[in-house]
Structures are given as C-alpha cells and as structure tokens.
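Just the one chain here, the form predicted alone, laid out as structure tokens.
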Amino acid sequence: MLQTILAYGRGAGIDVRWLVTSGDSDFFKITKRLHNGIHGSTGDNGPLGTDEHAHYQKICEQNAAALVSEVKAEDIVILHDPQTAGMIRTVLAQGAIVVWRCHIGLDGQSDVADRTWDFLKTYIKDAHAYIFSRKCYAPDWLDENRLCIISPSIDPFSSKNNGMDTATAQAILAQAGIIAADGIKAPPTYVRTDGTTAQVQGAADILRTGAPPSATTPLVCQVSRWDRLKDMQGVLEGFANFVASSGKAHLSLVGPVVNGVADDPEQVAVYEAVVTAWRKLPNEARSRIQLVCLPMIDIEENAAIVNALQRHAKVVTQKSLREGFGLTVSEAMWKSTPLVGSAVGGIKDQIEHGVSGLLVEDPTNLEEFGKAILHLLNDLPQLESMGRKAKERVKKDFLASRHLEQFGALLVSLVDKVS
C-alpha cells in the first residue's frame, strides 16, 4: 500500500521517501502489546507501565534522531501505527507537519483498549492530523477537527494483484508445492513491479499428510499472518468439523515462514498452536488440510504465490476475531473470488453480505462459518455471481487511485492551514 502511494507521488514530481524504523525484541514485545490492546485483546497479558514507557520512548527517540536528519521545516511526515507514535514530538520540533496514521482499531468500547490508548495519548495528541481507517477506531479524546478517515487500498498493478491466467496460477502453486504438478505444463512466471518477467523458484514449507490436492480439487484458503486475532486455528477447526466431511474441498492455511516477520514476536507460538490442533484432527479431516509457510526471501515472489492462491481458490476466508481493515479481503475480491469473512472491523466495509461474499456475525461460531463455506461450494451460480460483484466493489472503492486523491486533499489542507 505505501509503496504504491509513494510511486504515485514521485510520478507526480513530489519528493516522497519511505523510511523504516528499527527496534529490539523488547520494543517489539511492547508494540505487539499495543497492537493487541488497541484491538481490545490482552495478548500476552504483559504490562504497559513505567518501564515499558521508558523503553518504548528510548527506541522511538533513536529512530527519530535518524529521521530528523532527513526532515526540513515544513516537510510533511506521515508516521504509521504504534511503533512510530513516540517519534511525533521530536519531528514536530523540526518544524515539520506531522500526520499519524493508525491502521487498527476496535468496533466498540473496551477497558483494555482504553488503557492502551492511555499509553499512547501523550505521544500522539499534538500531531497536526490523525488518519484512521474507520471513524469508530478513533478515541473520543482526539480533536475531531484533525481527524481524517481514509480506508486502505490495493495496487492492481503489483505482483500480488496483477493479471494472471489459470494455467499460470496453477503452475506457480505447483512449483510452490501447494497443488499437485500432474499435467501442468505452463511455466510458473509472474510479472514483477518493474515490468520484468520472472519465475517462481522457491517452494513453500508445507505440513500435510499424503499428496497435495490436485488442480481440480476445490480449494478454500486463508492467507494471514500467524496472529491470534486472525484465528487460523478457528478456520482449521471450522473446516474440519463442518466442511471436510462433505468431501468437496481442501483447506490451505497460508502464512509467512515463522521467522519472516521481525516485529511480531508471537507468531511462532501461534503457528505451533495451529500445528498442535492439526495433529489432533481425525485422519480424514487432517488429510484435507495443509499448513503452508511461504518463503519471504523474495517479497515479489511471495506476492505472486499469494496472487495465484487467491485466483485458484474457490472460496477465500478471513475469519478474524478482530480486524483493523484486512486488505487480503479486497485482494481476493479483486480476483473475482468470493469471501467468507467475520463481520468485524474493516471486513464489514469491504464485503456486502449476500452480494460480494458472506459475513459471519459471530466469528467464534464455527458451525455458521463452516456452513457459509459449504453454501458457496454447493451453489456455483451464486459463487460466480458473488465473484463478479466482488471485483466491481473493489474497482469502485478500494483501489489506490481513490486512496491517493484522499491523501492529496488532506495534505493540501494541512499546508494551507500552516502557511
């Protein structure tokens, strides 16, 4: 998402730069705690007290010191999510215009979320503007005159979303080991962001029993980080208990290799919990479910595999317990693939229930979730109709061009105010 906005900005002649912060393991434990807390989840149940404030501020100040050497007075600096909130005051002192962008939030009220916002309040309150994906995510003590609502978007030209025919998608999935290679002759090629053509070389790390599903086997998949709030274990158990026995489909739970996301210290434990649940399944159900860890060495190759998966799948799920926005939903919809998603957070903004997918009101109701998947698998005309309408929905509301226009309008208004 950021890469796309940056490219458009530079194409328009604006000097746009993208800088990445760093931190140690304790910092990322704290920021994961903040991430979970904003979602109303206790996460690891760890504290957010004086010691955590001190360490968080120390790392933020180190990152801010590196940033200010790049910043001049009246530059606009957009800082993203809890990891950067502690940098706001230092950047403001340089005379820059500072916008804080928060991609996460909670639909309702929560004491856990309130305590987490109390931790962040002192850092973010002086920013010139705040961007949230949904209005209900913004705490009520923020100045509403500085609040802007901009939903995320996808780049239709990226390796994850650009065009790909059926034969190529199947070849990529066969190369990655996700489906059987029998009879597949097309090369596993994809188009990189710079327009060059490449071939998928790497194979996924896959846990399953027996051979991979054939190219003709209906595939259900969820592509997510190994994060408790994405509820991969719930997807597994819902599929095993209410879909697998129909004999119609296989499930692929797909995430990054567990050492592939540096700022998420919980992913190993989450993945191991999913593996444990998978091993406890009856043989018949387990044989229809594979756990897939995609390589992260080449990010564009990783994106091409996700692209192929979302195109090949009959149904994509996003059964999050909490969700800031969930762009994997729009990514799949862009490929004309219908979704079964939880009616939480930004998923509700993307899926029109019964039109472009199905929403499950209670994300913990595994039977309702499983029946929604079966409903789509058993009704091919509705599945295809929902797929077409899903793409139309994304084309209308969730492409980068709309996102860029909203960003541009906000930044012009900020410059006018400061001038």
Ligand code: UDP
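Just so you know, these numbers come straight off a predicted model, no measurement behind them. Residue positions are given as counts along the sequence shown, with the first one as 1.
As for the form predicted together with the ligand, it is not shown, yet the points below apply to it.
Note that among 324-332, 107-115, 209-217, 276-284, the stretch whose heavy atoms approach the ligand to within 4.5 Å in the model of the complex is 324-332. Although the partner is absent here, G255 is a contact residue: one of its heavy atoms lies within 4.5 angstroms of the ligand in the model of the complex. Taking the partner from the other structure, the ligand in the model of the complex has a heavy atom within 4.5 Å of a heavy atom of K230.
Contact between T337 and the ligand in the model of the complex is not found at the 4.5 Å heavy atom cutoff. Heavy atoms of K160 reach within 4.5 Å of the ligand in the model of the complex, making it an interface residue. A heavy atom within 4.5 Å of the ligand in the model of the complex is found for exactly one of A244, A85, V223, A174: V223.
Listed residues Q267, N302, Q170, S133 were compared with the ligand in the model of the complex; N302 is the one with a heavy atom within 4.5 Å.
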